[in-house]
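Listed next as structure tokens is one chain, alone, in the form predicted on its own.
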């Protein structure tokens, strides 16, 4: 089975995320890594092919050429090759433009299954997979916590606010998997050493037949008009728990006639 896994390089998680005031985008100048949620998608793709007796797992991403460094973690885990769309004209792409570029890259590969992590750690949008599926005109299932493939269909157990839904869809299909699906493996030393030797294709927009005015800021349908610090929450009172914290909280609420 040929499985395409869409992955993203994101800034390393931390307490603060800086927005570049000039571009009004996330500052990506610091340390970066492969999106944590995407590791579950890579792991599941590898498991599906191992259970099925073989196949190919392809990483598909869009970003600057340096993103190959992060993609190599997925190659070290066991993915066969990586495809990175890197083009200056694609910088600043929003959901609309990004979904177009990724969809064209996926069409080029014609996979049997497309996997996404549930969301990206830098934006937490959790909608790109739906936009890509719409462009590909393929069935889509999100929040997948269990899945199996039998013949030409996939059966997915989907988390919802009311419990679980079991959904069947014909292949090819697009699935967004949750981090409850599996525990990603650690790359072996052999895998790490061999990752740099695996095929890593860097494509431009023209390689995909996408014109420059359909990607980047020119092809985006949304724009950030202004940025400002979050509003002040007013006066705050910090209570240290020395054994009397509950009583202090109660007194605070009584004083303000909240209980």
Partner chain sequence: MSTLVFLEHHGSGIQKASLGVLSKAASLDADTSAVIIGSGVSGLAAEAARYGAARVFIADDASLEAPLPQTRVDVIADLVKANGFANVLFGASVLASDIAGALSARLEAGLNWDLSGLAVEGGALVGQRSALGDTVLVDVAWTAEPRLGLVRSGSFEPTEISGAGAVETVSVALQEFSSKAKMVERAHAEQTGPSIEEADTLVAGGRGVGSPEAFSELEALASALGGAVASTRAVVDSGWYPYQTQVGQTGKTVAPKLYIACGISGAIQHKVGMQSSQVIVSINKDPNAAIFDFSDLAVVGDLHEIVPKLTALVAERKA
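Just so we're clear, the structure is a prediction, and the values are computed from it rather than from any experiment. Numbering follows the first chain given and starts at 1.
There is another form of the same protein, the form predicted together with the partner chain; it is not shown, and what comes next is about it.
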query: Stretch in contact in the model of the complex with the partner chain, which is absent here, among 68 to 76, 184 to 192, 135 to 143, 108 to 116 (heavy atoms within 4.5 Å); finding: 135 to 143
query: Heavy atom within 4.5 Å of the partner chain in the model of the complex - residue from 49, 33, 200, 220; finding: 220
query: Residue contact check: residue 23 to the partner chain in the model of the complex, 4.5 Å heavy atom; finding: no
query: 4.5 Å heavy atom contact, residue 151 and the partner chain in the model of the complex; finding: no
query: is_contact(residue 89, the partner chain) in the model of the complex, heavy atom dist at most 4.5 Å; finding: no
query: The partner chain contact in the model of the complex: residue 80, any heavy atom under 4.5 Å; finding: no
query: Residues in 155 to 186 with any heavy atom within 4.5 Å of the partner chain in the model of the complex; finding: 158, 159, 160, 161, 162, 163, 164, 165, 166, 167, 168, 169, 170, 179
